[in-house]
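In structure tokens, one chain follows: the form predicted on its own.
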Amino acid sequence: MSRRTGVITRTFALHWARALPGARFGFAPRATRRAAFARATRLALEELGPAFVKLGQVASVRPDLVPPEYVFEFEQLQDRVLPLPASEIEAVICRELGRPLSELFDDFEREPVAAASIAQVHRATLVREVRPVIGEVMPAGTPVAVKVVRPRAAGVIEADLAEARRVLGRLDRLGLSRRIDAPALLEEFAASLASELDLRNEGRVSDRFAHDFRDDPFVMTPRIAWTHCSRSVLTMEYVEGWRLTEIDDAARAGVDAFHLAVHGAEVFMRQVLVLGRYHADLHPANLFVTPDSRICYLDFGIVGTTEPAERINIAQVLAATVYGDADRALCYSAELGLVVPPHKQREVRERVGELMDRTLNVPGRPADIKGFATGFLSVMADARVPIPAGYGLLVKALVTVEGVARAIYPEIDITKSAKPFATRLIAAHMARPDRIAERLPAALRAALRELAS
């Protein structure tokens, strides 16, 4: 066993041992036990450093691979590291862009505005005019955020990843990792790492999002200065505004928080049900509220997609869920790959119906999407029903959107936005000529039976 492997093993063991009293040494209710060990695991990941924080962040958007208690606990993981000296970051910029820093930027601030395990961000201004692919020209002097991949970041994280594989192999042999599909999670981590290390991917997705919402006056993404970008450098418009943790300041400045919360939920519905691609990693650090009352979306590292054939089924599941129809929700979930075996359908249907009543249909109280999602995923886990990857990501994204909306306006009920949006989409689908032609014979047979009776 290497020294690092020993450190990793001891760290997890120590934190799990500390969780035993909270879990009443295994005698607490199942949800309490899971929550205690999920928190212990998060603390261990944070102590072990950047690679393990990134691994936990990947896990936080994969409820198909990770138990729901862990998914929502891992949302709290903080990816913060000590910043590198500005001289090292400047060297990366000059090497990648092939020009001295003074020919690219004025007022390059040596103190970073953010520092994480993969990259750190510095504020600067453009020396000369830049024409972005999407949006108006960025004149000389435009404030920009320069995101730079930290040198040696890939090597450090991959070394820790190799150690994590060894540790998880040991846990598998001991039967201690049954609740988490570790091999699949590590593959997801490797793919996410490869994508994040090429910052051009983030720039392309950001531009696509900007194009999708070019006519929406309440949504924006930073303009990308492609002449100042490379695999390891991404230069984008610097956006002034308030993070969601500062929303009270925004409200005092005249921002209509309720309108933005409702509109943000509708933007998500449009991404999933109309456009077929959606920001799947929304959290307070990835959103700003601007002084002119817009929502600014950042960091498109994790993006979900939906195919045209899936979208109507998603709309049906969403509508059935917010209207409290467990039968319909499970029926259309099966069309999306979440199939409950026949011998478990009655039990699952009853539990899902009870869950809807407790979380979504309580008079005088906003629907609790997170409570429903956590319970729903637990019901499926108890019934040993596999969660398709896309379905799990969508559930997690919907929960995150609720959290974001409530951070902007705490009393919001996003089902009030979801109901009309999903209903309109279903109605439009059913009114298509091909759907009418498909259903007409059955409708005529039913009418004839009624007349003959």
Partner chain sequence: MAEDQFIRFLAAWALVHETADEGWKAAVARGAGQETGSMGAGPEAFVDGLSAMVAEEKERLKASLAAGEVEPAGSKAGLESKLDDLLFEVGELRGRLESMQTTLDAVLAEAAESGEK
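Note that the structure is a prediction, hence the values are computed from the model and not measured. Positions refer to the first chain, counted from 1.
The next section is about a form of this same protein that is not shown, the form predicted together with its partner chain.
Student: Contact with its partner chain in the model of the complex for Phe213, defined as at least one heavy atom pair within 4.5 Å: yes or no?
Tutor: Because no heavy atom of Phe213 falls inside 4.5 Å of its partner chain in the model of the complex, the answer is no.
Student: My question is simply whether Ile118 lines the interface with its partner chain in the model of the complex - judged by any non-hydrogen atom within 4.5 Å.
Tutor: Result no; Ile118 lies far from its partner chain in the model of the complex.
Student: Using heavy atoms and a 4.5 Å limit, would one call Pro132 a contact residue for its partner chain in the model of the complex?
Tutor: Within the cut-off, so yes.
Student: According to a 4.5 angstroms non-hydrogen atom cut-off, is Ala190 in contact with its partner chain in the model of the complex?
Tutor: Contact check for Ala190: no, nothing within 4.5 Å of its partner chain in the model of the complex.
Student: What I'd like checked is whether Thr227, Val322 and Lys419 together line its partner chain in the model of the complex, meaning each has a non-hydrogen atom within 4.5 Å of it.
Tutor: Looking in the model of the complex, the three residues Thr227, Val322 and Lys419 all sit within 4.5 Å of its partner chain (heavy atoms).
Student: The chain here is shown without its partner chain. Which stretch in 144-152, 204-212, 110-118, 290-298 comes within 4.5 angstroms of it in the model of the complex, by heavy atom distance?
Tutor: Contact criterion met by 204-212 only.
Student: Among Ala280, Val352, Val262, Ala367, which has any heavy atom within 4.5 Å of its partner chain in the model of the complex?
Tutor: It is Ala367.
Student: May I ask you to choose, among Ala28, Val385, Ile426, Ala389, the residue with a heavy atom within 4.5 Å of its partner chain in the model of the complex?
Tutor: Residue within 4.5 Å of the partner: Ile426.
Student: Within 4.5 Å of its partner chain in the model of the complex, which residues of 384-413 have a heavy atom? Give them in sequence order, or say none.
Tutor: The stretch 384-413, when checked against its partner chain in the model of the complex, contributes only Asp413 at the 4.5 Å heavy-atom cut-off.
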